[in-house]
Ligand code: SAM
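Listed next as structure tokens is one chain, alone, in the form predicted alone.
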């Protein structure tokens, strides 16, 4: 799909990009091909796409998969997506993904192998966290994000950008920045460069409960880990201090000083035996 095709589709269906939804339609076939190469779709694949828009990626991906489901917030695209997805055997749900429950899926037990999305900056973090919470066994996430967001996604301990997003994606799998996409590959052209990243599961067990724990650890970023975690009301200061001592970590440590594996060890110690009875 190139820019002329995008303009033709918008005219045909009487559509336009909504700035409030961060809509910029991909119109570069080379980029689409590169994303599909990363996704490694085949007839054994169950794929979920969040925010297909005009279906530039969808119309090629749906035929490669065994099961293809797209979630689109903008109901104006119903006719267009029916043509490129539904008529090819895929499914489109017109819902806000952030409000989507598993019971809304065609199969509530659905576990996608691959999840694709071009993520608007304003909803990038909540969508990424929800994806990891909803589908902890997904083998590959392929996302397009604004390049400036990479500092938060790939941040390391001790840096200003280090926080729940970088930690939880680290725990989910191996993160790779694959390539940049210039603004001319979209219509309308954004004012920023985009980057395509993939997060590949390495077969580790990923616990969705880590999300709330890590967010609590960073709730009071300027405070010590003890004060931040205890403010959630779930853990006492005494139990947190005991866990730190067991790990050989100083009592005055701040959350941003701990590695993702340190935080997992803290979680395991603090929750040991809580589910037993």
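Residue numbers count along the first chain shown, from 1. Note that the structure is predicted; figures quoted are calculated from it, not measured.
Keep in mind the form predicted in complex with the ligand is missing from the figure; the text below concerns it.
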Quick check on this chain: which one of 92, 119, 149, 181 has a heavy atom within 4.5 Å of the ligand in the predicted bound form? 119
So which of 196, 73, 165, 200 gets a non-hydrogen atom within 4.5 Å of the ligand in the predicted bound form? 73
Would all three of 22, 56 and 77 be in contact with the ligand in the predicted bound form, where contact means some heavy atom lies within 4.5 Å? yes
Counting only non-hydrogen atoms and a 4.5 angstroms cut-off, does residue 105 reach the ligand in the predicted bound form? no
Applying a 4.5 Å heavy atom distance criterion, does residue 135 contact the ligand in the predicted bound form? no
Classify residue 206 as contacting or not contacting the ligand in the predicted bound form by the rule of any non-hydrogen atom within 4.5 angstroms, answering yes or no. no
Residue 154, heavy atom within 4.5 angstroms of the ligand in the predicted bound form: no
Pick the stretch from 239 to 247, 59 to 67, 46 to 54, 213 to 221 whose residues have a heavy atom within 4.5 Å of the ligand in the predicted bound form. 46 to 54
